[in-house]
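Given as structure tokens, the chain that follows is alone and in the form predicted on its own.
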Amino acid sequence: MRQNMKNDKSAILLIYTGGTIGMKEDSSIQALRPFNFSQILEEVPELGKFAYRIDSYTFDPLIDSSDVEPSLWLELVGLIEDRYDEYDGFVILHGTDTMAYSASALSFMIEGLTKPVIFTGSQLPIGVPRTDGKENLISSVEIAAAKDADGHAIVPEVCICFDNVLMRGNRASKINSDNFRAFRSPNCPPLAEAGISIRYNTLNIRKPESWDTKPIFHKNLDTRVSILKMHPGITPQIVRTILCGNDTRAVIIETYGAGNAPSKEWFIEIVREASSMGKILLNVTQCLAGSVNMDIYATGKCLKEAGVTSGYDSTTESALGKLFYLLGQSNDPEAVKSYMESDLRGEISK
């Protein structure tokens, strides 16, 4: 589907949280510093060619991507909720290191989204000659403003826009630290691709049940989740500490291949012990692409019988955000497990 150009009255809120994209060189100190996003048209004059109203909001203090915490997600959700009726779309400028975590979390925290929430950033500051930031920003703004013939948002989802590709936010992962194509979404096709024109893959884009109902903004998160990455030589002490910790309600187990883990009896016993304590144990694969299937191999079947829940083709970032959200909604482990195996926001293929 080609972009509809009837967006002359669109209003976009540009939210700068921090990150590389918002930097420019200060010649007085010979160093990079954040620029004033209220003057965004001076830095990216190409945006002025769109007939949109573009307002900006800058977090103070700015947040380095490595310092992102759930408190930032709560602030972002609160800001979008407060301004939801004022704007047709939201573009969030964010550091790349934790962008996939933030996009995943917001996809679950906003239920019934009817407008685009587009995360973007850059590998090089917007103030340097070879920056990828301008193109990422321009494409994100154009997509956030895009409407169909009925005046509805073409992409009413939380997304990541990077290097001419629009990805569902809870399906993307950062896979490269020094290439402009920093993100991939191997288990979900792109929602749009920007070339000479922006082509929307309409069949892959999720639509709300109702365009007239305001979303539900969920702000209760429970972050008592740990991640256990399986590796050769892992010890019983490490596994027990992570799976059976008193302050942990859920553990994401990053397994091998299609969901396999050691077949040693001590490992299965600890898994059974953690499950009997009411811990939610979620199986996701370490592979960049593919899905967990605990019915193929004996080791996977042992995990399933011991009480481990399948994460199917969830990314770790998505699984974390989904657990934070669901644990904040329910104290019932079985209910959370059931929802973890359900597709809530397009995060798994079922």
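Keep in mind the model is a prediction, meaning the values are calculated, not measured. Each residue number is its position in the shown sequence, starting from 1.
The protein also exists as the form predicted in complex with aspartic acid; that form is not presented, and the subsequent description refers to it.
- The stretch in contact with aspartic acid in the model of the complex, judged by heavy atoms within 4.5 Å, is 63-71, chosen from 277-285, 301-309, 42-50, 63-71.
- Contact between Ser107 and aspartic acid in the model of the complex is not found at the 4.5 Å heavy atom cutoff.
- In the model of the complex, aspartic acid stays beyond 4.5 Å of every heavy atom belonging to Gly127.
- In the model of the complex, Gly95 approaches aspartic acid with a heavy atom inside 4.5 Å.
- None of the heavy atoms of Asn136 is located within 4.5 Å of aspartic acid in the model of the complex.
- Only one of Ser173, Thr114, Asn260, Gln123 comes within 4.5 Å of aspartic acid in the model of the complex through a heavy atom, and that residue is Gln123.
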